[in-house]
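Look below for two forms of one protein chain, each set out as structure tokens: first structure 1, then structure 2.
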Structure 1
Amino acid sequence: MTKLLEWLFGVSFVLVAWAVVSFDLLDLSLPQTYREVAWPMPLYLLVSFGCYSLATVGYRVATFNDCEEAAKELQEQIKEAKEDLRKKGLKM
């Protein structure tokens, strides 16, 4: 079974469970408050995923650090490369 089929099965199972609870398709007559909470669930999950993505982006922006050693090492390597190319005749 491919990953796509697995995902589709999982998603459709969750969707069917949500529809049965929200629209009372099996006439289970759940209490009204539980139905009221279950009904916006797909949208709520989408909004919370968006909030989580935004928070992750914000956190990584806030903790972005300089790498002094890597910057110095890169400058050294640029110098070396320029020397090497000059020796081989490339005019800079």
Structure 2
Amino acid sequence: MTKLLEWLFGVSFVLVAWAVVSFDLLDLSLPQTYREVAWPMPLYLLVSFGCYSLATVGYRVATFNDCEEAAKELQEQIKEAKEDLRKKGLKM
């Protein structure tokens, strides 16, 4: 089973459970408070996912490793390219 199918199965299971509780599709005679809590649940899940995503991106940016050696190598390559272009007559 691919990851896509796993996610689709999980999302469809949650949607079916939400629909059963919200619209009382199986006549379970659930209290009204269950429906009141279940109705905005997709919005809560969406906001929670957004907060998690933002926190993950922020953490990854904060802990990003500097590559001093690669930066020096890139600067040297830029200098070589500029010298090569000057030799060929390009003014910078």
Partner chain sequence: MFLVLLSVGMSLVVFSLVLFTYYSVWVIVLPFVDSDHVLHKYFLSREYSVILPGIAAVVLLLCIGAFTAVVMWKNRKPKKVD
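Worth saying up front: this structure is predicted, and the values here are computed from it rather than measured. Residue 1 is the first residue of structure 1, and the numbers go on in sequence order from there. Note that the rigid core is defined as the largest set of C-alphas that superpose within 1.5 Å between two forms.
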Quiz item: Given structures 1 and 2, which represents the form predicted alone?
Solution: 2
Practice problem: Take the rigid core as the frame of reference and indicate whether the C-alpha of T56 shifts by 2 Å or more between structures 1 and 2. | Solution: yes
Exercise. Inspect the rigid-core superposition and answer whether the C-alpha of L8 shifts by 2 angstroms or more between structures 1 and 2.
Key: no
Exercise. Examine L74 after superposing the rigid core and state whether its CA is displaced by 2 Å or more between structures 1 and 2.
Key: yes
Practice problem: After lining up the core, report the Cα displacement of E83 between structures 1 and 2 in Å, one decimal place. | Solution: 12.2
